[in-house]
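Quick setup: one chain, the form predicted alone, written in structure tokens, and binding and motion questions come after.
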Amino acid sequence: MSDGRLRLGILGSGKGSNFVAIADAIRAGSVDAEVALVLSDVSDAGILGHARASGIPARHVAPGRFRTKLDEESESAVIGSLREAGVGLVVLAGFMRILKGEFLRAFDGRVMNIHPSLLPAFPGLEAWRQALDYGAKVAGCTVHLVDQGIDTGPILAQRAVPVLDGDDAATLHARIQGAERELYPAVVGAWARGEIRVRGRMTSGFREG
């Protein structure tokens, strides 16, 4: 902690492709931060394997009795672990549980997520499939701060992805994921440099390129 770099706590439930993109950007020097801790609610999640292979502390936290959120004991354990690791920004990388209440109070304005749509369009699960079913011509991804709603927090950055003729859910999702792996590290890097400013729902300071 002595070098003053932003310390990230990354939460994920799956393969961890966005975590890998962020970690690669840190190693390349384009994100001035360090990953202090990776936590997952899934014991065999790929994100834990990637973190351990990189020498980053990584642990499974049993989520408790609920299907869509952490129970109070698990939430307290996650908060405690992140605080102990000196985390300044919590980054959600495919974390499939809703964070509410005490967690968001503990890290007020410091929980970041990426969602596979151009919010406020298509919040919730399988947003790429929602876009296809609706007949949208443009999809994309959004980096936002997390609040008490579902994908409703202040928007930090977005990138559009065209819906091509002949796209199915798999091909569209894959292209959106490619955009996510570029956009998410860029936004984390801008946050680490102190470039992003948030006032209510208004945000400024991030510029692509």
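Quick caveat: nothing in here was measured; it's all calculated off a predicted structure. Residue indices: 1-based, along the sequence shown.
There is also a form predicted in complex with a small molecule; it is not shown, and the following applies to it.
By the criterion of a heavy atom within 4.5 Å, Arg97 is excluded from the residues contacting the small molecule in the model of the complex. Gln158 falls outside the set of residues with a heavy atom inside 4.5 Å of the small molecule in the model of the complex.
Of the heavy atoms in Val91, none are within 4.5 Å of the small molecule in the model of the complex. At least one heavy atom of His173 is located within 4.5 Å of the small molecule in the model of the complex. For the small molecule in the model of the complex, the listed stretch (99-107, 114-122, 130-138, 73-81) containing residues with heavy atoms inside 4.5 Å is 114-122.
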